[in-house]
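In structure tokens, one chain follows: the form predicted alone.
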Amino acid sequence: MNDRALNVIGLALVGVVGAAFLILTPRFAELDAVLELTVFMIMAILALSLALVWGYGGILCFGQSAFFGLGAYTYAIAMFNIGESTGPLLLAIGLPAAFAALLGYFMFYGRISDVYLGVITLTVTLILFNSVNSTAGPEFHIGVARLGGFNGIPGIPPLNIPGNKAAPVDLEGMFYLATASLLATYFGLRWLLASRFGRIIVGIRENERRAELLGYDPRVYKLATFTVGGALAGFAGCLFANWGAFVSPTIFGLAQSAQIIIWVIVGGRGTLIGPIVGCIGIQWLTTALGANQPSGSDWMTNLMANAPFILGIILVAFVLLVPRGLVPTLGDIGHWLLRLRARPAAPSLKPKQAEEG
């Protein structure tokens, strides 16, 4: 079986599993489980945004949480001022994309090296965190929306059916929207990466100088990739603001930025399904650890139930032992087993020996 056939089978499997999950989960799961799975789907879209930017574009970005937070705050502020969600949704995608394009223009056309790209994006995230965190007074407002500072913006109105303000999306509808959006994002990125544009950005990631000598301008393709990643992160932020009806400056924090990196590293950089698996798995583990906090005074037990400590161990273990990530490593094992099974068996010498005797 060749790689193309395996690719088609993988796409079909993802489609079937995703459709079954979308249809069956609300029917058989409790409401609190559906609510928890909804945020997993939203964060998986955020993970895919970094999978595109870093995994395929080769752009080390610590600022996906900046675009994520911008999308959430843009939707919240616009929703309080407009009241109908179609415009705020488009703004929550467009403003982070425009900000990513502006930031990317100065970075890529300024020939900033990869290490400094990471530093700049991290610095932008910290600037946004400190700026929004300092807007607690009543004078900090945009229209009728008060920014709230470290208290955040509560009571954010939900999305509604486009053009129909009186038809808000309920919790179950939010699950359908988040899951369908994740599937659409996954298959859309697969299509994008299979196109000429996708092949060029992967070629630039592998050898930027060679791509430049072939006539491609790496700055243009990097900027386009960075902008698409910002738009996806902003869309995820909009969905997140709807899921919790609340947004606060912690959405820009270092913990949020680090988690996105961990999802991609654990799942597998250079894949799309890997960051989804890493994101959902890490979130599930974090939730499970938070729900089972020990009540005793044993320091070892308390340490093993500490989510940041466990996440740190997982990150170090994957970087040292599984540097390619979970999904690529499992794929290599699967390819090895298939080749082993397809290898012809060595001919036996027993019948020949019997005839000679």
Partner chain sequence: MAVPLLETRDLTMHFGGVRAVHNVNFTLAEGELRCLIGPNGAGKSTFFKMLTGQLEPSHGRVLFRGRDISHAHAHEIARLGIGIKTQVPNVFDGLSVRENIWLAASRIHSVRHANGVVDEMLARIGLIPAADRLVGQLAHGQRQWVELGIVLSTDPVLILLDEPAAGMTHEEVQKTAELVREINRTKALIVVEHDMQFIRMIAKQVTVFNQGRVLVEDAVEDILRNPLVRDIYLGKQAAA
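Residue numbers count along the first chain shown, from 1. Every value quoted in this text rests on a predicted model; they were computed, and no experiment measured them.
As for the form predicted together with the partner chain, it is not shown, yet the points below apply to it.
Novice: Please determine whether residue 217 contacts the partner chain in the predicted bound form, using a 4.5 Å cut-off between heavy atoms.
Specialist: Heavy-atom contact with the partner chain at 4.5 Å: present for residue 217.
Novice: Answer for residue 159 alone: is it within 4.5 Å of the partner chain in the predicted bound form, judged on heavy atom distances?
Specialist: Close contact is absent here: in the predicted bound form, residue 159 is far from the partner chain, nothing within 4.5 Å, heavy atoms only.
Novice: I'd like to check something about residue 202: if you look in the predicted bound form, is any of its heavy atoms closer than or equal to 4.5 Å to a heavy atom of the partner chain?
Specialist: Although the partner chain is absent here, residue 202 would touch it in the predicted bound form, with heavy atoms inside 4.5 Å.
Novice: Would you check, heavy atoms only and a 4.5 Å threshold, whether residue 172 touches the partner chain in the predicted bound form?
Specialist: So residue 172 does not count as contacting the partner chain.
Novice: Of the options 167, 213, 184, 127, which one has a non-hydrogen atom that comes within 4.5 Å of the partner chain in the predicted bound form?
Specialist: Contact residue from the list: 213.
Novice: Okay, which stretch from 146-154, 82-90, 279-287, 192-200 lines the partner chain in the predicted bound form, with non-hydrogen atoms inside 4.5 Å?
Specialist: Answer to the contact question: 192-200.
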